[in-house]
Each structure stands twice: as structure tokens, then as C-alpha cells.
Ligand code: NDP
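One chain comes next, on its own, written out as C-alpha cells in the form predicted on its own.
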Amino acid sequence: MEYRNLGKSGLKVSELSFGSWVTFVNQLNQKSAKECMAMAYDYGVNFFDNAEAYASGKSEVLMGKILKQLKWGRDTYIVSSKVFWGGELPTQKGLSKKHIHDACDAALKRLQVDYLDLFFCHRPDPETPILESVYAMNDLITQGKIMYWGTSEWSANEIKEAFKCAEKYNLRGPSMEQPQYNILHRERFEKEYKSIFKKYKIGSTIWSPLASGILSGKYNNGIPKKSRFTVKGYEWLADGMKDLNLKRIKKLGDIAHSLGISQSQLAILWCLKNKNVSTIILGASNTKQLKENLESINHYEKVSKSAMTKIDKLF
């Protein structure tokens, strides 16, 4: 495993990380989730991603129990949470100072840790001034409850505004953005965020490198019964299949085969080739799947400029 700085910070994150979205509680019980986390850690993964919204907080509870059982040194791993969707009441959602503080305290209890390494604004909140959210995050840093804060799926203009607020009032701006980024979903990351990466040297913790499994090739002949597309509450993921050109996905498999790697590994390595990617968050519903994706780091050199050009022409 190689490690990259999280943007211009001194924090080293593993190139591949492990997240709990969809899988924890919904597809993985405590035993299987523990096996996946232990495997990831053994491969050198040091970042484990979570959020208050995942399984309505139960995902963090599960991860917290596992962290206690595994007894890793707190200085050997990075754990995150995200704030936005905490509940149905007006004070339980959004990015107000109150909810940001309440969400952080709740995440600390669920994860059973003294501080969060990374804390994300899970989505932009048009009903709360960005300055208020920036102040709230800085308060948490001062209190020692979080180390770094970031955004997730914010527009470039919203991120710029956060930095303007931080600069004007001598506060710390976001250290990272967590966007979706993969072969099928690249417009925002590569074009809209281009100036953000250049000017602010912000890091990125990208999610869905396999486009929820589409790029793995396992959906080429339809949606399997136990896929995340069939998990209650996540049926919307299947919408991405409607206008999909499966012929191109299959051709991606041909490129992977010619390189001697799996289609999933090729899709992951394609993301890793982008210098603005700090870490790729992997999700897995079993250890076999996770092992295959983690093994992609052993084939980095196989994905040459020629292979990247072929993929760009294909998509």
C-alpha cells in the first residue's frame, strides 16, 4: 500500500480506503464487517469512512463496536463521519452550528472514539450561511473533537466561498472534498474542480470508483438478486442502469483482460492514476470481493498511458 498526503495537509492516507455506505448493517453483519475491516487494515488501509446517515447511525455503531474489538492503536487509523441527515426534526438536519455540534458528539459516541480525524459536510445546505458552517467546524477543531473538516458533493463555487470565509476570518478552510468519481462520472471532478485543486491544493476522498458495481462487469447480464441495487432504500441506484451502454462496459472488460487484471481492478486503478485523488473509498459485501479490489494496488504499473488512452476513447 502506498500513502498520499490529504491535499496540502501532512496527513497520510492509504491510496485505498474502506467505507461502510450501503453495506454495513444492510449487507454485512458484525462478523462479516469485522472480517472486512481486519482484511483492509492488514493490506495497509488506514482510513475508514462513515456518516451519520448510513443506516440511520447504525453503521457507526457497528463500526465503533468493531474498532473496540480489534483494539488497533488510535494512532494507526483514520476514521470519519459526515453531517447533514441526522433525523426528521428541523434541528436534526442541515449544517447549522447546532446540528454540526450535535452530530459530531453523536458520532463520537457511536464510533466510541475521542475524536474524528475527518468530518465532512455531507451536502451543501442552502438554508444555512456557509460562514456559519465554517465557524462550527473550526470550533470543533479548537475543541479537539475533529482534526480536519471537508465537504462532500459541494459545487466548486460553494467550496470557494468556504475558503473566502475562512481567509477573511482567519479560520481553517476545508482540507478535502468527497465526490463521486469514476470512469462514468468524471465531469465535476476533472473540469469543475480543476481550479479548486490548483488554487487550494485540496485533497479528495472519492467514492463509488466502480459506479456502484456497474464498472465491475457483474451487471452486464442484468442485476443480481443480492446486489446493492436491491437493498431497501437504495433502489434509486438502479436508475444509473437505464441509459447505460453495456457494450462499452464489456469492452472495458476486454481491456482489463488484455492487461491480465479484473475489470474492477482496472476501474480502480484508472481513478488512482489521477494525481488529485488522495484515496479511493472501497465498498464490499464480502471479503472475496474486497480482496480482489485491494489487490489492484499490485498492478498499478500495468495500466499504461496506452491503456488509459483506450479507456478515454471508449468513454
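Don't overthink the numbering: it's just position in the shown sequence, from 1. Everything numeric in this text was worked out from a predicted model, so none of it was measured.
Another form, the form predicted in complex with this ligand, is not on view; read the next lines as being about it.
J.: I need to confirm a contact call. Of 56, 274, 27, 32, which residue comes within 4.5 Å of this ligand in the model of the complex, counting heavy atoms only?
T.: Among 56, 274, 27, 32, a heavy atom within 4.5 Å of this ligand in the model of the complex occurs only for 27.
J.: By the heavy atom within 4.5 Å rule, which residue out of 200, 193, 148, 219 makes contact with this ligand in the model of the complex?
T.: Of the listed residues, the single hit is 219.
J.: Within 4.5 Å, heavy atoms only, one stretch in 136-144, 162-170, 94-102, 120-128 touches this ligand in the model of the complex. Which?
T.: Checking each option against the 4.5 Å cut-off leaves 120-128.
J.: Using a 4.5 angstroms cut-off on non-hydrogen atoms, would residue 208 count as touching this ligand in the model of the complex?
T.: Although this ligand is absent here, residue 208 would touch it in the model of the complex, with heavy atoms inside 4.5 Å.
J.: At 4.5 Å between heavy atoms, is residue 213 in contact with this ligand in the model of the complex?
T.: Output for residue 213 is yes: heavy atoms within 4.5 Å of this ligand.
J.: Does any heavy atom of residue 292 come within 4.5 Å of a heavy atom of this ligand in the model of the complex?
T.: Although this ligand is absent here, residue 292 would touch it in the model of the complex, with heavy atoms inside 4.5 Å.
J.: May I ask you to state whether residue 281 is within 4.5 Å of this ligand in the model of the complex, using heavy atom distances?
T.: Yes, contact at 4.5 Å.
J.: Of 73-87, which residues get within 4.5 Å of this ligand in the model of the complex if you count heavy atoms?
T.: Sequence-ordered list has one entry, 82.
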